[in-house]
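A single chain, nothing else alongside it, follows as structure tokens in the form predicted alone.
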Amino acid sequence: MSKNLLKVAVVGATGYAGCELIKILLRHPETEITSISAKVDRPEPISNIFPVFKGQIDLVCGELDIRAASKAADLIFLALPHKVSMEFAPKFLESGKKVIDLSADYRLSSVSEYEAWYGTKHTSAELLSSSVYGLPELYRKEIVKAKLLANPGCYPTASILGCAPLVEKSLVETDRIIIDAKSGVTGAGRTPSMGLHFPEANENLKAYKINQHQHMPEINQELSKLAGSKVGVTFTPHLVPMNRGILSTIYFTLKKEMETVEAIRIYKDFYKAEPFIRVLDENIFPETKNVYGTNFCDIGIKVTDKRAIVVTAIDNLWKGAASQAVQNMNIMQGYKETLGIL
């Protein structure tokens, strides 16, 4: 008798995160990809679009047919742009399917905040109260019961994980948190634009959307929950000329002086049960190459008097998107959390 595999659909399969999802799911021992769709010129095998899949999967990738995808799969990954997922998530949920959404459409609990930051009316705002923010290190118990899972953004994943221990323990001035984050070009998605054109991005480093990036309210929302009071970070993202990876340097003003070893101990204790958090020893700091193609978040810490500097590194397409989505799927389905991603 064949094994009873979880049937999954990948909607938005031709984006960077969608492609990585397929790679991960193909090697996952408990899943079977039964539906692949995206906005395409014409239906064709996914192995034609991404030749890396030759001999692995030859499902035809065409425009999304919600009825067909619902019939073929039990769990739906929406690897779609912001403002698009909310059109489809309710229909899949109505069909009794679990949904893991990689966009920002269900991450913010406030309708007005979403509409202000994303510049559009939320068409399924009634689902915001029941969506679960999919950061396993903070919400594992809630994720187990989730029907609609809002997979965190890449910048917020790196930032929140770097801030959580000190913020949760009320050890920092929460109105003075500064996050300096740098991302590879894939963080902007696969849609072409002038700023992402090779001659523009290569041999160049620039800050953008300074203190007005759409991921800011997501960071503030989660840190405010941890702090028990309103938190508003200063956030400056940068585009660096590499394909993937995020390095975030976070600056805190401590409420009292402490030594670096004490801060490291706080982080190691906070994340002691987390399989994908690696808190580094003193004077060792994260590098993006050490988390490339992994679900790890590496964290390094330096304290001088009342100034703490925390550095985090993740792969924006893995822990910042696809592999974190699979980590959440594992939790939702009761599988071993590391299955298929470690």
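Note that residue numbering follows the sequence shown and begins at 1. All values derive from a computational prediction rather than experimental measurement.
This next part talks about the form predicted together with a further copy of the same chain, which is not shown.
Undergrad: Of L148, I266, A201, L223, which residue is found within 4.5 angstroms of a further copy of the same chain in the predicted complex when only non-hydrogen atoms are counted?
TA: Answer to the contact question: A201.
Undergrad: Just to be sure I understand the contacts: of R176, K272, K230, K121, which is the one whose heavy atoms reach within 4.5 angstroms of a further copy of the same chain in the predicted complex?
TA: By the 4.5 Å criterion, the partner-contacting residue is R176.
Undergrad: Residues R244, Y292 and T304 are flagged as a possible site; in the predicted complex, is every one of them within 4.5 Å of a further copy of the same chain by some non-hydrogen atom?
TA: All of them do, each having a heavy atom within 4.5 Å of the partner.
Undergrad: Where does a further copy of the same chain sit in the predicted complex: which of 152-160, 203-211, 80-88, 124-132, heavy atoms within 4.5 Å?
TA: Checking each option against the 4.5 Å cut-off leaves 203-211.
Undergrad: Residue-level contact is defined here as any heavy atom of the residue lying within 4.5 Å of a further copy of the same chain in the predicted complex; does T249 satisfy this criterion?
TA: T249: yes, in contact with a further copy of the same chain in the predicted complex.
Undergrad: Should S70 be counted as a contact of a further copy of the same chain in the predicted complex, where contact means heavy atoms within 4.5 Å?
TA: Looking in the predicted complex, residue contacts with a further copy of the same chain do not include S70, since no heavy atom lies within 4.5 Å.
Undergrad: Using a 4.5 Å heavy atom cut-off, state whether L6 contacts a further copy of the same chain in the predicted complex.
TA: No.
Undergrad: Consider P192 of the chain shown here, and say whether it contacts a further copy of the same chain in the predicted complex, taking contact as heavy atoms within 4.5 Å.
TA: Yes, P192 is a contact residue.
Undergrad: Are there residues in 12-32 with a heavy atom within 4.5 Å of a further copy of the same chain in the predicted complex, and which are they, in order?
TA: Contacts from 12-32: Y16, R27.
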